[in-house]
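Take a look at this one chain, the form predicted alone, written out in structure tokens.
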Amino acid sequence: MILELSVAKPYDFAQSVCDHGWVQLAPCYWDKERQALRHVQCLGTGKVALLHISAENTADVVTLRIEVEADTPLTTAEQDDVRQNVHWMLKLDEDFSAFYERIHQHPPLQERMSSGRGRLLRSPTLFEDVVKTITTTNTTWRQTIGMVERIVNTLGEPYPANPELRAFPTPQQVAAADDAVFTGVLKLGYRGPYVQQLAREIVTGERDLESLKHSDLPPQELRKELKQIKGVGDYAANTLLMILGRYGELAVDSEVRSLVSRLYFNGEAVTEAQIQDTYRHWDEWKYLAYWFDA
């Protein structure tokens, strides 16, 4: 089955997908030869589908082509589910015109962004994004990739035509896993109990995490809500704000410190205050200004 979505220009599909490291985390895979994003999704009905998302450019719009493979034909509701998931993952609901106006004053950044970059890839659910963000804390990127791969391969629902491909597990699947699986197989370290607690809170109805995807809370209030999640501190909360389309906060980690030190302080050690001051004038676009800095 082929589904399509139209996106107004400027929009650089391939670059936008690959601009965020999430493309390297299961169940995502970037097919370089096809210039397509492969993603295994567990739809609302429980059906597992394999998606190949690519783009075709015309004079006026970019057409996203979504090739869907499943063991049975998708119902109308399941087709809508796929479209909504892809729309959310690729941030097609966001308006970047104000940011593009701002970068006119910064020629190097304007040149870098002129094709229509900025829509950093995210997951179909906020649960998946929170779990992935927690796995990035106090570790290396290689270890993050391994942790997420183990979560998906151990707990995720398999794609029937190729059981080696699995969707990201639902909160119900995570909550049902034994503690021994977390300690002996997933090996998430101190992060394991945080992931388990979040899944259990969602399953019991104690936390309605997905409602935050469309929250109209001011950024600082939304940040407070995110920090109520066990295991989400300042860095993780600011990362999740970016995922939710709020770009006014920096997620300061060793990579940020290194880049700011190299670009603006001649390699000298920098404080968080200095980092914040460097991008303060970008206001609500601080995160993107840093992300695409040279």
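Keep in mind that what you see is a predicted model, and the values were worked out from it rather than measured. All residue numbers are counted from 1 along the displayed sequence.
Below: the form predicted together with the DNA, not depicted.
For the candidate set L43, L50, A55, V232, a heavy atom within 4.5 Å of the DNA in the predicted complex is found for exactly one residue, namely V232. None of D31, E255, D60, E268 but one reaches within 4.5 angstroms of the DNA in the predicted complex through a heavy atom, and that residue is E255. Residues of just one listed stretch (183-191, 210-218, 153-161, 80-88) have heavy atoms within 4.5 Å of the DNA in the predicted complex: 183-191. The closest non-hydrogen atom of T136 lies within 4.5 Å of the DNA in the predicted complex. Using a 4.5 angstroms threshold between heavy atoms, Q105 stays clear of the DNA in the predicted complex.
Using a 4.5 Å cutoff between non-hydrogen atoms, S114 does not count as a contact of the DNA in the predicted complex. Within 4.5 Å of some heavy atom of the DNA in the predicted complex lies at least one heavy atom of A236. Contacts to the DNA in the predicted complex (heavy atom within 4.5 Å) from stretch 100-118: none.
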